[in-house]
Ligand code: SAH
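One chain comes next, on its own, written as structure tokens: the form predicted on its own.
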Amino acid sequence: MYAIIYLKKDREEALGRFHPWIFSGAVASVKGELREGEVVEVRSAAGNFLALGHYQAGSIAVRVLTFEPCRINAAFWFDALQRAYRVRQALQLTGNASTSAYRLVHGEGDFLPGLVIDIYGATAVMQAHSAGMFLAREEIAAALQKIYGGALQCIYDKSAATVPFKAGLAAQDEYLLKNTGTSGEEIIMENGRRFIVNWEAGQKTGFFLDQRDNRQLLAQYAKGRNVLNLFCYTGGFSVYALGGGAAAVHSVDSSPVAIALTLRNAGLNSAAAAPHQAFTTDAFEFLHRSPCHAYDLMIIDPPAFAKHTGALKNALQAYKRLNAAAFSKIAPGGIVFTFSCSQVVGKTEFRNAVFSAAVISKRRVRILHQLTQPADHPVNIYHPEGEYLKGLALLVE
């Protein structure tokens, strides 16, 4: 039997709208012993069944797994992961010769809050963002093997940095399945381009899959242009720009490790038809030192400036300053691809920051495309917070 959480009177409204989070302020009482990460049953003040989910100490007390009564067991995980897999089949991402990397599970977007699984060829990389998903990792790994069979050679759990530290689970990154000779690095295909992914040492799960469609779009604008890729990480946008016929590409990142991978990825795609240079330096400083009109295509894809609401004001100021500098520097007729990956920054807030930057620059700016995350990063319609990636492709005259 699961421990039972009873909600306060009239606090079940959000669950009636299928929102997957229950906040601690809605909890009235508990029957049984609550343990961090374990499954709990949620009931209304009147005692009616509402949901099952993972309990966790903190502001979000329960992350809902299902609104139907059932057992959270091996069969549950298999069914949930198989549904996610079938969505990727429908998106023609599985068995795709030109794209071998995709997101299989996107947390709330796949009705599995707290879990991320990325597929890199024959390797699955898992990240648990909740104690409950971390405790279920072995069952999840078993379900993955059942779904993929021999096509899956490795399962790597990279949850050490994502499991809430207050849960006291002492998570360590580890292989749950490892084929002999695995090096922690693999070459993947994305839209026919090759990239090196290192899931052991890389950021997140090793590669930013969420920009796949936006990289492809950028390639359509790259021909003959001088390109500046700020916060380039491992050079995804740079490789697409070079492949799209750019006249020259400059890649900038403060991380020497990222710059080294950028150079390897550019070489891996034989993309040296155009001059490519990589700079290990601060993106703000590089942009400030750049001569006016040196570039006519810029990519601004910074890390999350705000990871919590308390940092929102400073983040919006940073977006405004960065985009204003880009608008003032870019050549007339140039295009800026600008992004925010901060979940706490809404689409309207981000656009307002970019609008303010345009006003400061006194340039004529038009929106060509409104950009977001790809279909393998789905947004649960009942959880709009899951639409974290916001972007604009802008024409600057």
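Numbers for residues come from their place in the sequence shown, where the first is 1. These numbers come from a predicted model, not from an experiment.
As for the form predicted in complex with the named molecule, it is not shown, yet the points below apply to it.
Consider residue 253 of the chain shown here, and say whether it contacts the named molecule in the predicted complex, taking contact as heavy atoms within 4.5 Å.
So residue 253 counts as contacting the named molecule.
Are any of the heavy atoms in residue 203 no more than 4.5 Å from a heavy atom of the named molecule in the predicted complex?
Heavy-atom contact with the named molecule at 4.5 Å: present for residue 203.
Using a 4.5 angstroms cut-off on non-hydrogen atoms, would residue 168 count as touching the named molecule in the predicted complex?
Result no; residue 168 lies far from the named molecule in the predicted complex.
Taking 4.5 angstroms as the cut-off for heavy atoms, does residue 302 touch the named molecule in the predicted complex?
Residue 302: yes, in contact with the named molecule in the predicted complex.
Quick check for you: of 279-287, 243-251, 308-316, 153-161, which stretch puts a non-hydrogen atom within 4.5 Å of the named molecule in the predicted complex?
Within 4.5 Å of the partner lies stretch 279-287.
Since the partner isn't included here, can you check whether the named molecule sits close to all of 211, 215 and 231 in the predicted complex (heavy atom within 4.5 Å for each)?
So, yes: the whole triplet contacts the named molecule.
Between the options 134, 237, 327, 295, which residue brings a heavy atom to within 4.5 Å of the named molecule in the predicted complex?
Here the answer is residue option 237.
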